[in-house]
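The chain that follows stands alone, in the form predicted alone, written as structure tokens.
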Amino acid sequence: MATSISTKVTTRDVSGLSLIAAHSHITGLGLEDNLQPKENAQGLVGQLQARKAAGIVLKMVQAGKIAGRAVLIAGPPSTGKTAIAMGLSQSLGSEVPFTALAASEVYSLEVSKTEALTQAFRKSIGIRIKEETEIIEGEVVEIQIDRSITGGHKQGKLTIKTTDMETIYELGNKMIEGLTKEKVLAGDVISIDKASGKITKLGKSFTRARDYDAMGPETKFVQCPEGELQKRKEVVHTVSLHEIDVINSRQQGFLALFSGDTGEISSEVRDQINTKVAEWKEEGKAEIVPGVLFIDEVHMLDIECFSFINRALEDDFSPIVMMATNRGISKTRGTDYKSPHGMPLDLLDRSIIIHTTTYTGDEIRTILSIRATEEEVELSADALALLTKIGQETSLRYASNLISVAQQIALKKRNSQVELQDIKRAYMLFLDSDRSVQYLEKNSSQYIDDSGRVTIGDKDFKHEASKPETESEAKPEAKPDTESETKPETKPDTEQETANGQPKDEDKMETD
């Protein structure tokens, strides 16, 4: 009897999934107009002095006059250093470039360390290019398209008006296709770029609103334009210096930006671009927008990178460099000496330093409450109190990680709210770093140590890979002595006898 095997495939629609990151709840620095920080605003809690200092940096960046400055945010782990940088990024908006870089990234890229840092610096400098273009803007009165019987060349007329005038334009194939693609109808207010022929539909005219009673709520109504049909309009494009570098250094032009394979860019190309941008600035065609380069875990950079940053900060095209570290007095990578925050003293002297402090119990409670809201988890009052205590005794990161874990435990019991028992269960299932270290010290014999020893059951074992090393260390000492004692006495005589064709003494006796 044949049995049939059936496979059932379950599919899920993930288009509506929204991923929640560690700092997705932060929308700004939470400052008032006079730069006074609020206790709890825009996702940031506490760290009032550090946020006020970051607000002053924000005003420096927005002014666009000061660049080439270094700012260091230093503080213990889990005190909101990266959160303040993210808040600064959100406050700057999309017009000012903000580049975030982990210090260890410079070692994993296919380009050199200095090239990676140069690209990061130039990504953080924006160029606002101003361009004037002629546009035709008005309300469409009538579109008349004559299609040929053979399906060849199309002709048409477009009647367009403002409140002051009305004009008829002859249409060609390109314009007819553009109007058809945008689904332009009579009563629409449109804008036509004369240089490129691009058609933009701005909305429907208020004067004909009564003709569109059946339209949905998403329909946008605008006023009929005033004045002349043809107008000169200033268009502003914002690009980074790095994007201009890539476009001018690769054969495929701007397509290289999408491929991601930028590679090394020669200094000659960058020098020419700097000269051209300076000319545009003098002529009033372009405006330089210094942004922010944020380097997290900056102590991971070595002395070569620090020296390069020192020099790059003095360049004409330099952003404000913001760095973050949680190191105290530690060794600067690539050197044998220790320095504050693991950074060389000359760069530290150039930086203005912002310190963050550990959070209080009330601040930890507020942060955990914000995180629970962000992750759409409902916590009971007792659960939040226990989480706060855990955050004080262990770390804020560990406590915030328990929120989503406890929610899964509650859902397993078909509870929509996370209770005290769920937090206790999650705390017992997942160890924090202190309890993990205690367990490791208590059971250290069961783990393989540096010499390869481990206890399994009642027996002590040693890793076999260590034995050949001791034998190989002993052999090179004994081998040369043995060879030097035996070979020099016998080998030359034997070789000489053989070379002369004379047999050995034993062979002579046999012959006699």
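Throughout, we count residues from 1 along the sequence that is shown. As the structure is a computational prediction, the values presented were derived from the model and not from experiment.
Absent from the display: the form predicted in complex with a small molecule. The rest refers to it.
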Exactly one listed stretch (190 to 198, 436 to 444, 393 to 401, 308 to 316) reaches within 4.5 angstroms of the small molecule in the model of the complex by non-hydrogen atoms, and it is 393 to 401
The listed residue (Ser205, Ser78, Ser249, Gln119) that reaches within 4.5 Å of the small molecule in the model of the complex by any heavy atom is Ser78
If we test each of Glu419, Glu137, Glu297, Glu243 for a heavy atom within 4.5 Å of the small molecule in the model of the complex, the one that passes is Glu297
Q) Using 4.5 Å between non-hydrogen atoms, is Phe98 touching the small molecule in the model of the complex? A) no
Classify Pro37 as contacting or not contacting the small molecule in the model of the complex by the rule of any non-hydrogen atom within 4.5 angstroms, answering yes or no. no
Does any part of Thr167 reach within 4.5 Å of the small molecule in the model of the complex? Heavy atoms only, please. no
Contact of Ala426 with the small molecule in the model of the complex (heavy atom, 4.5 Å)
no
